[in-house]
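Taking the form predicted on its own, here's one chain by itself in structure tokens.
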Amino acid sequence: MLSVLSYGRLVARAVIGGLSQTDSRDYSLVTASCGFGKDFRKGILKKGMCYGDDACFIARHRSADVLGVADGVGGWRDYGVDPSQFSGTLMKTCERLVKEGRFVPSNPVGVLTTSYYELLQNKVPLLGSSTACIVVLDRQSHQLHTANLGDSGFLVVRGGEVVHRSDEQQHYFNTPFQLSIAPPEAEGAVLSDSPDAADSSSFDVQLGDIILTATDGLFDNMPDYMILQELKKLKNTNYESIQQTARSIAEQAHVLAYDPNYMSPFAQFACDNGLNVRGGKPDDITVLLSIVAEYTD
């Protein structure tokens, strides 16, 4: 039988041993972007981080790395509204909030909410709609906090397998959840969801984890197994390698989007909903590819 003193020593050793194995290093995301606007030249961004009507941002703060993607709803073009203005301004506002430290790493929905309400308060209304996905890496806790509204989203890959992914939010086929600002006469007639409706999650990440954040132009054209095949080409954590892989993924999705004989994930989803559809889905494509690495100031 162990004495109380001996037992205490064993517990102390176990606790100290556990603490010694705790990773006290800060983490960061090494991130590269690539994309294609459906109606624009390959890989060319408009003013700001925009590919077509898609938009994105990558921001660094001392407490966290934050990134996001948004997909402007193209239907607004029929009413003389540039869809990229809403998604682009939403993402630029999120980026500014992060750089100013006006966010809590564990609450990405809060970043989205504050950004959206800033747009609502503009003296001149910025009309439009957009999906949005925000990903936050807390440096010290090594936790990833996410918020996803609509059909953009993210994957976390570890050891060649998807270990976390966002849930797509659709009201019905090809009608994702979205933030909207409509003219007064159209309020109530335009689909509009609250930022609080975003699906949120938090989980631990490890050094070397791969995080892919993208708009639906990627996920509608490339199934997971194709994405994982491309990610196998990623051999190290330097920016050039990540950029090359991000471009390879975006390029393949872009080619498949215009293949009329390809049974894309979008076409399969359409068939599941009783529609006879085949081929890729031409769309704007935005890819943010990140690797969890040790933080260096």
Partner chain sequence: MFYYICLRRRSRSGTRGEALTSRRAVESGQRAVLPVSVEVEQYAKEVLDFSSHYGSENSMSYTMWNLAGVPNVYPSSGDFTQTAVFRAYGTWWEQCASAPPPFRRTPKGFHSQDYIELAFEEPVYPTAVEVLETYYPGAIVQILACSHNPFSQSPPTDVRWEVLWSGEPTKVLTPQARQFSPNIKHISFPTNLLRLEVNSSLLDYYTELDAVILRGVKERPMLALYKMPVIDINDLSDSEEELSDVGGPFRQGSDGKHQRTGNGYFDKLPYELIQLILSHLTLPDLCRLAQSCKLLHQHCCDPLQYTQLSLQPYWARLSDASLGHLQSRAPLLQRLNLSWTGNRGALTLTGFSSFLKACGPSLVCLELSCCHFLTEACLEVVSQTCPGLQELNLSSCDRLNPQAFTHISKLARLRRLVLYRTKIEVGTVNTSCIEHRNFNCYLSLLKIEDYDVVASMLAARCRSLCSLDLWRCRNLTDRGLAELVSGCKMLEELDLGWCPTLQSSTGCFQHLARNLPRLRKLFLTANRTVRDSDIEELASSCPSLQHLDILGTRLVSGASLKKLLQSCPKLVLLDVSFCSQIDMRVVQELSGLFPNVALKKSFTQ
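Fair warning: this is a prediction, and the values are worked out from it, not measured in the lab. Numbering follows the first chain given and starts at 1.
Below, we refer to the form predicted together with its partner chain, which is not included among the displayed structures.
Stretch 92-100 is the contacting one of 136-144, 206-214, 159-167, 92-100, since its residues have non-hydrogen atoms within 4.5 Å of its partner chain in the predicted complex. For the chain shown alone, Leu120 is a contact residue for its partner chain in the predicted complex, at least one non-hydrogen atom being within 4.5 angstroms. Contact annotation for Pro184: at least one heavy atom lies within 4.5 Å of its partner chain in the predicted complex. Although the partner is absent from this view, Gly75 stays clear of its partner chain in the predicted complex, with no non-hydrogen atom inside 4.5 angstroms. Put simply, Met226 is far from its partner chain in the predicted complex: not one heavy atom of it is within 4.5 Å. This chain lacks the partner; the member of Leu155, Val190, Leu127, Val104 within 4.5 angstroms of its partner chain in the predicted complex by a non-hydrogen atom is Leu127.
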